[in-house]
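What follows is one chain in C-alpha cells, specifically the form predicted on its own.
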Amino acid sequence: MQTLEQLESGQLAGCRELRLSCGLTEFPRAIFELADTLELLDLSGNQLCALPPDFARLHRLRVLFASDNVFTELPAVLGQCPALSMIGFKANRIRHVPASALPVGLRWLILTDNQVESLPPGLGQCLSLQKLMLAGNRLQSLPEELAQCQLLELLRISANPLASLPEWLTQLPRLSWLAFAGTPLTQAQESLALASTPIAHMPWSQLQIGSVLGQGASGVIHSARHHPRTRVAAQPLPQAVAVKIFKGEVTSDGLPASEMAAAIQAGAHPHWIPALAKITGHPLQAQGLVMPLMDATLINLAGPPSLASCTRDVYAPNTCFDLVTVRRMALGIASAAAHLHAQGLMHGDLYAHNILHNGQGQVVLGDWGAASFLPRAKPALALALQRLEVRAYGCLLEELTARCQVEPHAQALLDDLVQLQSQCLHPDASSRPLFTDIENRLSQMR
C-alpha cells in the first residue's frame, strides 16, 4: 500500500499500480501525473462518493477497485475510459447503474453488497463481459439484453429478491459458474435444510482455535481442537478439526446462512469436505462450521483466477500429471458432483482452486460458498442448471489434460478424456452429458 505523501511528492512517478487507503474524501488530483503509466488503481477503504469528470485522462487504466467507499451511483465517467476492463465497487451504497458508466471493453464487473434495484439494458452491449458479480443487491430481474453477452462465464446473483431465473440464462454457451442462493427461488429449501437436517452443535467455548489454514470469499478457516471428552453428536468428533468462521453478512458469493444450508444438505461423500457441526455461542455472534481437518499431504490443485486470467485458475509452473492420475482425479470429482446433484444442489464454484489433491489421484472438493439448491418444482430448469455446471467440469478437464505427460501406450485414454472434455464444453448446453453419465464413462476408461 502506497501513501498520499509518496504520491504528492513525486516518489511514485512511472508506477503502473497504485493503492491508496487513507480516509480519502476527494479524488487526489496528483494521480493524473501517472496517466501515461497507471494500469491498476485501488482506492478501496476510503470515503469517496464521486470521481472527477476528467477521470478518463487515465487512458491506460485497465483495473479500478473502489470497494468500501460511499458511492451511491456507478460513476458515468467510467464509460469514457478507453482501456478500462475491470471495475470493482463492492460494499458501497450504489443504487443506480447508468449505461454510460459501462466501458465498451468491460470484462469483469463487481457490484456485490450494494443497493442496485435494476441494471441497464446497455449491459448487453458489453460483449466482452466474462464475470459479473451482483450478490447482495435488490435485483428482482435481469435485463433480457444480458443474453447478448455470449462470453459470460461466471455470474453471482445470490441474496437478491429474484423470484425466478430467466430462460435464456441456461442457454448462454459459456456460463459455467452460477450462484443464486438466498433468493425466493431457494429460500424455502434452505430454511428446511437448516431446520430439519440433523447436525451437531459445537459450543465456541469448547474450541481451542489454532493457526489460519486459508481463507476465501466467505470466511477464514482455522485449525482447532475441542475438548476430547465433549460429545456433541451421536458419534464423537475428531479432536483435531478445522473451523470456518464466516466473514460477514454478505460475501461475493452470497449469504453465510445459504452456505451453511448447502453444506448441511450435502451430507458426506469420500470426495468432498463435509460439515460436522454448527458453531454456537461465538462472542461476536459470527456463524461458523466445524469440518474435518484434512491430511497435510493434500494441497490445492491450483490458485484462483488472476486479474489477467479472469475466469480461469492459475496453476503452479511446471504442473504435470500422468494420465492415470488425471483419470482418477476426474472420476473423483465427477462422483462428488453427481452425488451433490442427486442431493438437489449445485456447487456453483467447481474450480481447481477448490479441490485438494495428493498428487496421486486422491481429490477432495471443498468451499460451499456459491452452492445453490436446485429448484425441485422445476425439473427441466434443474437439469439445465446441472448441465451448466458440467461446463465448469469441462474447463477443469481441459486444464488437467493440458498438463499431462502422455506415454505412447496411454494415447487411447487421452483421446477418450479429450472427447469427454469436448462434450462437456459443448456450446449447446442440452448436448452436454450429466454427471452420472460422466462418472460411468470415466469408470470404464483404461
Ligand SMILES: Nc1ncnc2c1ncn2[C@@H]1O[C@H](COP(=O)(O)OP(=O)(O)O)[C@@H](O)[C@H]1O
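Quick caveat, the model's predicted, so the values are computed rather than measured. Throughout, we count residues from 1 along the sequence that is shown.
The protein also exists as the form predicted together with the named molecule; that form is not presented, and the subsequent description refers to it.
Trainee: Taking the partner as it appears in the model of the complex, which of 113 to 121, 154 to 162, 80 to 88, 206 to 214 has residues with heavy atoms within 4.5 Å of the named molecule?
Mentor: Looking at the other structure, the answer is 206 to 214.
Trainee: At 4.5 Å between heavy atoms, is S218 in contact with the named molecule in the model of the complex?
Mentor: Within the cut-off, so yes.
Trainee: How about S335: is it within 4.5 Å of the named molecule in the model of the complex, going by heavy atoms?
Mentor: No.
Trainee: For V363, is any heavy atom within 4.5 Å of the named molecule in the model of the complex, or not?
Mentor: Because no heavy atom of V363 falls inside 4.5 Å of the named molecule in the model of the complex, the answer is no.
Trainee: Is it the case that P292, even though its partner is missing from this view, gets within 4.5 Å of the named molecule in the model of the complex, heavy atoms only?
Mentor: P292: yes, in contact with the named molecule in the model of the complex.
Trainee: Only one of L74, L340, I273, L255 comes within 4.5 Å of the named molecule in the model of the complex by heavy atoms, so just point that one out.
Mentor: Only one listed residue qualifies here, and that residue is I273.
Trainee: Looking at N300, T170, Q148, Q189, which is the one with a non-hydrogen atom within 4.5 Å of the named molecule in the model of the complex?
Mentor: By the 4.5 Å heavy-atom cutoff, the listed residue in contact is N300.
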